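Below sits a lone chain in structure tokens, taken as the form predicted on its own.
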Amino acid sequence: MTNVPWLTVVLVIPLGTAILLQLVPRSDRGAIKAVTVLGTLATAGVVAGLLIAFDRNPVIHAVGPGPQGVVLAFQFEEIHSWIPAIGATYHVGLDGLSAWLLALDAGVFLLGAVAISSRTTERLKFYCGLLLLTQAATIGVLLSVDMLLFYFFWEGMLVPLYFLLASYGDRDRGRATLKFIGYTVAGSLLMLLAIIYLYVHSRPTALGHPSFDLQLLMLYPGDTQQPVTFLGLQLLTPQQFAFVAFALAFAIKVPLVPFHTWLPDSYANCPPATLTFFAGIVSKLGAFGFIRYGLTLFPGPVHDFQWILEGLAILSIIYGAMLALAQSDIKRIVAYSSISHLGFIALGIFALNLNGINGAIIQMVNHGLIIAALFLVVGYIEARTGTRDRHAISGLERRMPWLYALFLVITLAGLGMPGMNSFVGEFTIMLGAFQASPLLAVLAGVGVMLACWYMLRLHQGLMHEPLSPAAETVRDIGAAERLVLLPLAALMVLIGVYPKPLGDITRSSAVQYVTRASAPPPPVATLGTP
């Protein structure tokens, strides 16, 4: 079994399920959902096996002196020739950064499949096929080590997402979808140009030509240190320009303020089942990209722009929280709270130390669990009351005791209560931020206080105020809906009380990324030598 290409198996299962789905009659809606759930369940099973077999203490590989000689340690690695003429390979691997994100991916897509309503979802077969294709693309993003392969999945992910967002949801979904695609494609094109630049200017490898492989690009970056001049003025170096292109693509995907305006509209017009994976994993891919590529390919520029990026992270934390307080639409409250919490993840990344990056990886997993649960709760409330206006809904605790209990756990996790999963990630991030600058930790603390405000106000208003007319005839969530929310709530408590299994894997990888990010740029005079 050791020779089984497990990462390819994980990638192929959702693709194969999408193909198998085409053999199911369109009218057999129960079978369509069953096949989809079984496909996502099989993916989750293989991913669980990979986590069990994952080596929590990998050896940091160094093929040269100093941090610039460090390459990343991947497990279950597969390398095959893909486009040999240009040095592109099918190179996939799993490390501590991608391992838990892969588990999050498997979990939220499984929940998304379970949460689909086989009775009310229009064109169910089309929807389920798009869900499976989106999962395959996101898995490809997480596993790719070759830059061209990564870009293939990064852009390929937009195709099923476009049809999902444009075909399902509220009446303003068309405008929201165009905004999301427009932002993302603009950033992706800049990143493609940067990838081409890195490829063209990288030092030829032993193969006799440049490569798209991340490991080789880390070791042989090419001469990118001379500043570009324009009208006699020295601008950024080519490597800094390339970093800015990558950073814009990832900042849009996270998103960081001011690149966030696509998110509230997209989330507000998206069905809850879709949001379980759209909000649960897709937004994490921008943060993943910052760590996997920003810190490894650009250790010099990431330090040059560190305080700008930290400033955007703080702006996202506070601005997102204040906008969450200003909303009456409960779906938009959750959307803006997501921006604020994603700002914490960015803050940890650009602290550029072990606690910050380790906390950011942990918080990516935590945020995926919490935001998926929050949007499911919002969807259940809207379906029963017919409104998303928080002023028109109150007293649900009297009619929905199961939802009340689960929503209480999710609320406490969302505001970072000690003993809940979000506290583990936010506290570790705050440690890293304080080590970078005490002022960052103080400003991030403002965001924590605002999160307590909007989360407790939302919970109290919906659950504890006098019974509103909209809530008089509502029914509690059923067994199927409890089956979706209970595992999420249980994981929030489990990770909060016992975070060691999560931290053991993430910390081993964070050490490698911190070591690589501390690498000084190689001197220009030695760039052409091994």
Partner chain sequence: MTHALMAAIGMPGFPPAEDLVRLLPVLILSTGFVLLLLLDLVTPPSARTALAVLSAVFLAATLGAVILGWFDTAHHGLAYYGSYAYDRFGLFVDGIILASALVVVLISPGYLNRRGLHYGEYYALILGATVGMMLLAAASSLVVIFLGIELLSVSLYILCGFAHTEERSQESALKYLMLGGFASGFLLYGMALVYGETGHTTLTGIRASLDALHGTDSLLLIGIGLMFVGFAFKISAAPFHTWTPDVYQGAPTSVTTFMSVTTKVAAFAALIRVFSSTFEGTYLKWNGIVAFVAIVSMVIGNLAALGQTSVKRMLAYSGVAQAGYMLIGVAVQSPQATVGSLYYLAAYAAMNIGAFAVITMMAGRGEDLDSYDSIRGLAFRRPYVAAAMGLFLFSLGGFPPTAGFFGKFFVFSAAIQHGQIALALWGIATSAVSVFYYLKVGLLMYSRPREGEAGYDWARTTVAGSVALAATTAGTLVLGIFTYLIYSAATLAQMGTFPVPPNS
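Keep in mind it's a predicted model, so treat the numbers as computed, not measured. Residue numbers count along the first chain shown, from 1.
Omitted from view is the form predicted in complex with the partner chain, to which the following refers.
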For this session: Using a 4.5 Å heavy atom cut-off, state whether residue 83 contacts the partner chain in the model of the complex.
Result: yes
Exercise. Is residue 304 close enough to touch the partner chain in the model of the complex, meaning at least one heavy atom pair within 4.5 Å?
Worked result: no
For this session: Answer yes if any heavy atom of residue 212 is within 4.5 Å of a heavy atom of the partner chain in the model of the complex; otherwise answer no.
Result: yes
Exercise. Looking at the partner-bound form in the model of the complex, is residue 77 within 4.5 Å of the partner chain by any heavy atom?
Worked result: no
Problem set entry | Triple contact flag 327, 332 and 390 to the partner chain in the model of the complex, non-hydrogen atom at 4.5 angstroms | no
Problem set entry | the partner chain in the model of the complex: contacting segment from 402-410, 172-180, 317-325, 296-304, heavy atom within 4.5 Å | 172-180
For this session: Please pick, from 262, 152, 453, 427, the one residue with any non-hydrogen atom lying within 4.5 angstroms of the partner chain in the model of the complex.
Result: 152
Exercise. Which one of 446, 383, 308, 193 is close to the partner chain in the model of the complex, taking close to mean a heavy atom within 4.5 Å?
Worked result: 193
Exercise. What residues, if any, in 153-180 have a non-hydrogen atom within 4.5 angstroms of the partner chain in the model of the complex?
Worked result: 155, 156, 158, 159, 162, 163, 166, 167, 173, 174, 178
